[in-house]
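In structure tokens, one chain follows: the form predicted alone.
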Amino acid sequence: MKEFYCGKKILITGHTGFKGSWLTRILVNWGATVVGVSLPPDTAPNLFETLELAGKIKKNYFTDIRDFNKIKNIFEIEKPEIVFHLAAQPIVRDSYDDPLATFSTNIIGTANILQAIKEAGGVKSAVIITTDKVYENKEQDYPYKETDALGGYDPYSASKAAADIVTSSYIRSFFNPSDFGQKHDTLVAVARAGNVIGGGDWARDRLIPDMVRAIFERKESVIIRNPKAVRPWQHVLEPLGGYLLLGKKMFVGHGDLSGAWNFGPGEDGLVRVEELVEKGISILQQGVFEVAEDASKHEANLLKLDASKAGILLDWHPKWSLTQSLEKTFSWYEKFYGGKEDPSKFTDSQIAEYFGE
């Protein structure tokens, strides 16, 4: 993939976020020409500034994806060949506090990106990232497949399910694989990933960042709200590898890959919040936690993904176990807070290890 992406013109929305910054770094390392569209980072520290990515990409647009005219103008100026759409309001608990911003960003913002792709032309492949929370979650011991019904209890989950449906509509109406090469030259896929972990995440109301702040910054107990909740945990490089595979294969005309994809961990990645914290504390050999359950805002207690489609058709499989993912994650933070090494070096080291460079 490194050889493929070298020299490609890539547009990433949400490039200042946690996943977006990792993706940007990967593509910069591989020699791609990257343009970023996002709001400014909303935490300090943040991975985007830590890796000094603004100076390493072709153009950095601090633009709200809800402004269609600006988004379309960026597409017409930059003429990307491949698009990765990650920009979103990504926090479940925040969606309760500001549901309208969540709906407008995640639904209208996604429609704006798709419409800009349609009107500007030139995009060969686009990967629209939603979430594992798009499914109508019945909280049963059942891993959801791409063909299962979409839903969403909280505003975040509902907004991402709606964005998923909007994308499906654009695929069927304007980017239909059966019309590829005749009526259009663009293939679009939707990617649904599990709960990602990794170095450089300082977002609010996320488990690993909460642990990091409590242990490294405040020297306090880690407070966990929902200890029994089971999530599909995976290192951030795992789904990013899936997105990059999709972008590459659709670029060269694999119309059968258009549509929805799950990228989730193996069985060992399905653990309770409490167990994950215990594993992290064991790896770090420091820290304690306290349970302060908070049911004021509904969050799902059980969620599993079936990623067998990606395994069969993309030959994508998780590379790192949960223990390895946690070790990579906390090693990153230990080095960051140790302050003795350039974060770009240990970030690049993990990228090179994961992709076998």
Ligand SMILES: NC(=O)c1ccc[n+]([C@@H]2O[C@H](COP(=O)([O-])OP(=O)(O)OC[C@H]3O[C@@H](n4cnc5c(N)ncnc54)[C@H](O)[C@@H]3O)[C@@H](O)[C@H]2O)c1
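Numbers for residues come from their place in the sequence shown, where the first is 1. All values reported here derive from a predicted model rather than from experimental measurement.
Separately, the form predicted together with the ligand exists; it is not shown, and the next lines address it.
Peer 1: Which is the contacting stretch out of 223-231, 251-259, 276-284, 194-202, given heavy atoms within 4.5 Å of the ligand in the model of the complex?
Peer 2: Selected range: 194-202.
Peer 1: What is the one choice in E293, D64, E52, E290 with a heavy atom within 4.5 Å of the ligand in the model of the complex?
Peer 2: By the 4.5 Å criterion, the partner-contacting residue is D64.
Peer 1: May I ask you to choose, among L86, L114, L244, A189, the residue with a heavy atom within 4.5 Å of the ligand in the model of the complex?
Peer 2: For this set of options, the contacting one is L86.
Peer 1: May I ask you to state whether T131 is within 4.5 Å of the ligand in the model of the complex, using heavy atom distances?
Peer 2: Yes, contact at 4.5 Å.
Peer 1: Answer with yes or no whether R206 is in contact with the ligand in the model of the complex, where contact means some heavy atom within 4.5 Å.
Peer 2: Contact with the ligand, yes.
Peer 1: Residue-level contact is defined here as any heavy atom of the residue lying within 4.5 Å of the ligand in the model of the complex; does T347 satisfy this criterion?
Peer 2: Taking the distances in the model of the complex, the answer for T347 is no, it never comes within 4.5 Å of the ligand.
Peer 1: Under a 4.5 Å heavy atom criterion, is T329 part of the interface with the ligand in the model of the complex?
Peer 2: It does not: once the ligand is placed as it appears in the model of the complex, T329 has no heavy atom within 4.5 Å of it.
Peer 1: What residues in 1-20 sit within 4.5 Å of the ligand in the model of the complex, counting heavy atoms only?
Peer 2: Heavy-atom contacts to the ligand in the model of the complex: G14, H15, T16, G17, F18, K19, G20.
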